[in-house]
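The chain below stands alone and is given as structure tokens, in the form predicted alone.
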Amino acid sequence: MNLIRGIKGTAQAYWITLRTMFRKPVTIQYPEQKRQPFPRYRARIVLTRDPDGGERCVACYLCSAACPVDCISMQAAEAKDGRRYAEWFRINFTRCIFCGLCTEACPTRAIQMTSDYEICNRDPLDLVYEKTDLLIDDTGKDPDYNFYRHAGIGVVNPRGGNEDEKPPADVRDLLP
């Protein structure tokens, strides 16, 4: 019984090899012809902008905390109008495993992954991308999303001034 099963398993493997050995190979001439990746393919990370043209990143450090290989670093700053932004933002692509956890953790949808898979370089220091290298002039996959208009933070409207919010409670009313 075991001998027959062993012969059958070996013959099936040889049959697959013989069947594919005489097929015409499918070769893509890479620099001239580029393969179109699938729509959900995750590759290069970019920082997107609001529909108004401002930066979406508020330097909340959630992407850095979610990154399993610790390849994202940034420094937060605050503008005169109270809006937070990343003073500097850095991704080390030599360590990045393109898992997409940073894009899922981002509450402002600032970090998005594109299908650009050509980010090879011989010098590892050239694969450390700064904010100027990552920031694009596009809204990415969410063209209508504006975090500050959606979140109700007092930069666009005063706190509680949006349609789906109540104004903040006065804490002095809670005293006995």
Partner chain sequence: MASTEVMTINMGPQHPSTHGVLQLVLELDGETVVKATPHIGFLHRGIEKLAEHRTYHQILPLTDRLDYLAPMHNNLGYMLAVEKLLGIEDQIPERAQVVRVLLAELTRIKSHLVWIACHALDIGAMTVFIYAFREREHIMNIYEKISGARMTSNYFRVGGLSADLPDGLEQEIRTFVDSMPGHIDTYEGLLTGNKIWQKRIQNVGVISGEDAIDLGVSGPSLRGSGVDWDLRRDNPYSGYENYDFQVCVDDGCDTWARYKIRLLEMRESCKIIYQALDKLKPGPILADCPKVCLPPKKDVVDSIEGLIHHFKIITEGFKPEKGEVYVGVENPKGEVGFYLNSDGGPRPYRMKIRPASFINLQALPKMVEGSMIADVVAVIGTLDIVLGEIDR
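Between two forms, the rigid core is defined as the largest C-alpha subset superposing within 1.5 Å. Residue numbers count along the first chain shown, from 1. No experiment lies behind these values; they were computed from the predicted model shown.
One more form of this protein should be noted, the form predicted in complex with the partner chain, which is absent from this view; the next part is about it.
This chain lacks the partner; the member of K131, R49, H150, R44 within 4.5 angstroms of the partner chain in the model of the complex by a non-hydrogen atom is H150. Screening 132-140, 119-127, 105-113, 49-57 for residues having heavy atoms within 4.5 Å of the partner chain in the model of the complex returns a single hit, 105-113. When the partner chain is considered in the model of the complex, F38 lines it closely, a heavy atom lying within 4.5 Å. Among residues of the shown chain, G9 is one whose heavy atoms approach the partner chain to within 4.5 Å in the model of the complex.
At a distance threshold of 4.5 angstroms between non-hydrogen atoms, I97 is in contact with the partner chain in the model of the complex.
Taking the partner from elsewhere, L101 is found to have a heavy atom lying within 4.5 Å of the partner chain in the model of the complex. Core-superposed comparison between this form and the one not shown: CA of Q33 displaced by less than 2 Å.
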